[in-house]
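As structure tokens, one chain now follows by itself in the form predicted alone.
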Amino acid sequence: MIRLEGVCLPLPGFELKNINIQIKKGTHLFLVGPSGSGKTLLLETIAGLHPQVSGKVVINGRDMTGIPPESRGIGLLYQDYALFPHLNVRENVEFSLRARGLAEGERRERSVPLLQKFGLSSFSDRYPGTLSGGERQRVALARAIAAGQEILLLDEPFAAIDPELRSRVFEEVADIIQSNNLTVIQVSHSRDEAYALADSVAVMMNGTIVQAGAREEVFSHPKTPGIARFLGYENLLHCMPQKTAEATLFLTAGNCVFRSQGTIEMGSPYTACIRASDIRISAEHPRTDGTLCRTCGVITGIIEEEHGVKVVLDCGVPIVARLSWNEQANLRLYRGQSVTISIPPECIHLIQYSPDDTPYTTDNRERTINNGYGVV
């Protein structure tokens, strides 16, 4: 439904560079990446707000070169809502329907269910200036969906919605998108949102798409350590494969020995990407069995978080683990304690090492621990 071919947009101090991607009809694509990577700019380019773009934006088989935004059949929702202050909630939601000449009865037929779904019915006669940020964002989202466009471009649509309401809005939005077979490109910094809603994910860095694919493929198999770090892998360990009598193991620069999974090249260094939540901690003595390798470590820090604790360990290299409150209550971990860690092989994602990977030195060791990344 949407195809970008060699799209470039040069701007002072920044540019979109050689964007190539295809998005099928009915797909919910999440566009993720660090702040300033060009995500919102790419949405605006698809919407037609930047005429100086080169390359092709093709929608439904039609080259959009020279086609103005209002003729592209796209709804664009910004973070700042862009509601009309002189219109009440219902009038804002119905604005595009009125502009298309729909009668009042038809407008109400479209708007009333949306107002109910987004929890807006009780203040449909209020004006944007009297609403909270989350309420205004829900109005803007309902208005974008009411427009009936086949394509929605959403820029952080849930950023200002209260946490207790967010999960319900997720469900309602997912239901509306699926029931209307809408094609959605959504900018977000939230991995939770992506897991809840996305079919596909595209990662942007420095003005270009560095990886794109199905959600599980991108999150489970990042192509580079930089992508892995952005996608939430707290531990990036530079390691070398080593043959043993039993199996092929990965030996890190510290004391850690982890069992490998998949095909590897002997003599070639790798970066092992491991999520903190996949690291298991126990008081057992280190040993190797048929599935796991266990390694000693010393706890150097315990940081309380909303849903549990972050445990920083020295295993010859800095390792970060995350435990639930129940796990911490059972283990009763403390700073300075010697423990054993283990990692299931299927939880280790391997990337062949390149000179561009962040090296481990004594100079960046403290910075690495403070940032929660175990980089060797």
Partner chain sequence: MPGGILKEDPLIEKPAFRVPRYDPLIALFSVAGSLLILMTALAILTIAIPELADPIHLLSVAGDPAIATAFLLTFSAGCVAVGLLVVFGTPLAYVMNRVHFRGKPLVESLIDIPLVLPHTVAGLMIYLLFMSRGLIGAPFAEAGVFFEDAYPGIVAAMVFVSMPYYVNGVREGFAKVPVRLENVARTLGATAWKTFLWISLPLVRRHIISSGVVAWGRAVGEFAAVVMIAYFPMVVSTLIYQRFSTGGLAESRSVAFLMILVCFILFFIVRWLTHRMEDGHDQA
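Heads up, when I say rigid core I mean the largest set of C-alphas that superpose within 1.5 Å between the two forms. In this text the structure is predicted, and so the values were computed from the model without any measurement. Numbering follows the first chain given and starts at 1.
The form predicted together with its partner chain exists for this protein as well; it is not shown, and the discussion that follows is about that form.
- Contact with its partner chain in the model of the complex, defined as a heavy atom within 4.5 Å, is made by all three of Asp80, Phe95 and Arg143.
- Interface membership of Arg168, defined by any non-hydrogen atom within 4.5 Å of its partner chain in the model of the complex, is ruled out.
- In the model of the complex, at least one heavy atom of Asp125 sits within 4.5 Å of a heavy atom of its partner chain.
- Not displayed here, its partner chain is approached by Pro69 to within 4.5 Å at the level of heavy atoms in the model of the complex.
- Although the partner is absent here, Phe84 sits close enough that one of its heavy atoms falls within 4.5 Å of its partner chain in the model of the complex.
- Figure note: of the listed segments 172-180, 95-103, 231-239, 196-204, the one touching its partner chain in the model of the complex, with heavy atoms no more than 4.5 Å away, is 95-103.
- Of the candidates Leu76, Cys273, Ile209, Ile185, Leu76 is the one whose heavy atoms come within 4.5 Å of its partner chain in the model of the complex; the others do not.
- Residue Ala147 is the only one of Leu154, Ala147, Ile279, Ile227 with a heavy atom lying within 4.5 Å of its partner chain in the model of the complex.
- After superposition on the rigid core, the Cα of Glu91 moves by 2 Å or more between the shown form and the other one.
- Relative to the superposed rigid core, Arg229 undergoes a CA displacement smaller than 2 Å between the shown form and the other one.
- Once the cores line up, the CA of Val210 ends up less than 2 angstroms apart between the shown form and the other one.
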